[in-house]
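Just the one chain here, laid out as structure tokens, in the form predicted alone.
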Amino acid sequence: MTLRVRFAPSPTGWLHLGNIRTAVINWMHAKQAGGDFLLRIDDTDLERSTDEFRAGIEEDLRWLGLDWDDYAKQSERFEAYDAARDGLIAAGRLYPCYETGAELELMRKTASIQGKPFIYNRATYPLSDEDEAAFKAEGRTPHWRFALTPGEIRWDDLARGDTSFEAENLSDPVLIRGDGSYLYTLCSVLDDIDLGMTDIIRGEDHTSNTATQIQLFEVLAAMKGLSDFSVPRFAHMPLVTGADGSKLSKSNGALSIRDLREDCGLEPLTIVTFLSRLGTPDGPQPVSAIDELAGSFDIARFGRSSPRMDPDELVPLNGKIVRQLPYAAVEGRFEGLNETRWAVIQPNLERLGDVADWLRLIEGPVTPVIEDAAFVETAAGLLPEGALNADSWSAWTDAVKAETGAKGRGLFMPLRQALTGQERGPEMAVLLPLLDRDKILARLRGEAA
């Protein structure tokens, strides 16, 4: 059987480093095994889900290189959910509950005061016709719970190892709200069956949910007559925290992929590399292609403790990755970039976007900044003859220093401003050999070139 995993975001916001890590781990797990990666859009919340966010999710995944082999939208599967609902009711496993929100909250507070977890007491299960009629007469509408059967629920978790719960210690999960809308559990489990998921990788906050979902998997598969059905394998990964150990938020690491792409100028390979190793003892190492990461991926390498996500680690990693990219990886991305220029520029990059700044200075036009015309004119006359190379800047500045007595900032800054029009920028020793001699002399004369 082909291994199949899924990433199932809700289109109610942008993807950020925290939830994209789940996508990365699922994608790597599938590709390492030659399996399939499914993108499932969980858009049953029709009020909050938008096409803009859905399109943004798909754009971000493609940009990261996390292409999917299969695709589904929950909003297109309501008929299947309705059929499952009706079957569960007919089987006596889905029952109506008429408690109000206030009454349920009182139950939770009472349990908390007693130092106990809240476990629904099945006060209305089974519900007599008379009691149901009385509730309806009050104008109440029911929410619907799945009836768990007593006993141990056990599975071998790919991340946590042997894991078990006693069903008696769990609340019957709500599958349908009072307004008739579906919660995540019913839709997700049915989708995982129908779409053939073999492995489900998600955060450890879903661990107790998995215990209840395993029974739901078994019931729904039996209703479908799937005699050879196997419940998917599960991996519940430790939740990522911010660099300070607190819950992940935008201020401490939960940057959106759009932030990282547009504002930080990071390469997609940097983000995927970082996230695919976060929580392992290996640490992110620069690679040239995403397939290299998939080939060495092993979900068993992830530890049990919550990893801390420090976005400040991304920029140095980005520099390492950019500085080892072959020319073929950037060919055609920048007008005016050729293999010779790439070989010179690349070792000086932190972000690939900086290439555009280099090319602008090389190609021009640049408006020179000249405060001491006599000094710059003298320097122009001392520019080394012949082809300029890596030693030309040092030879030139030594000659200017000997002629004028200038040194330090007073020597270097006038030349930088004349040739680049700015006080900061690329290393001049690297830039100078890339400039056309005629452009250099024109800029030293104060001409835009």
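Predicted model only: the values in this text are computed from it and were never measured. Residues carry their position along the shown sequence, with the first being 1.
There is another form of this protein, the form predicted in complex with ligand GLU, and it is not shown here; the text below is about that form.
Highlighted residues 6, 10 and 42: every one comes within 4.5 Å of ligand GLU in the predicted complex, counting any heavy atom. Remark: residue 333 does not count among the residues lining ligand GLU in the predicted complex, judged by a heavy atom distance of 4.5 Å or less. When ligand GLU is considered in the predicted complex, residue 261 lies well away from it, no heavy atom lying within 4.5 Å.
Not displayed here, ligand GLU is approached by residue 184 to within 4.5 Å at the level of heavy atoms in the predicted complex. A residue is said to contact a partner when one of its heavy atoms sits within 4.5 Å of a partner heavy atom; residue 206 meets this definition for ligand GLU in the predicted complex. Partner contact region in the predicted complex: 198 to 206, out of 79 to 87, 173 to 181, 198 to 206, 263 to 271, criterion any non-hydrogen atom within 4.5 Å of ligand GLU.
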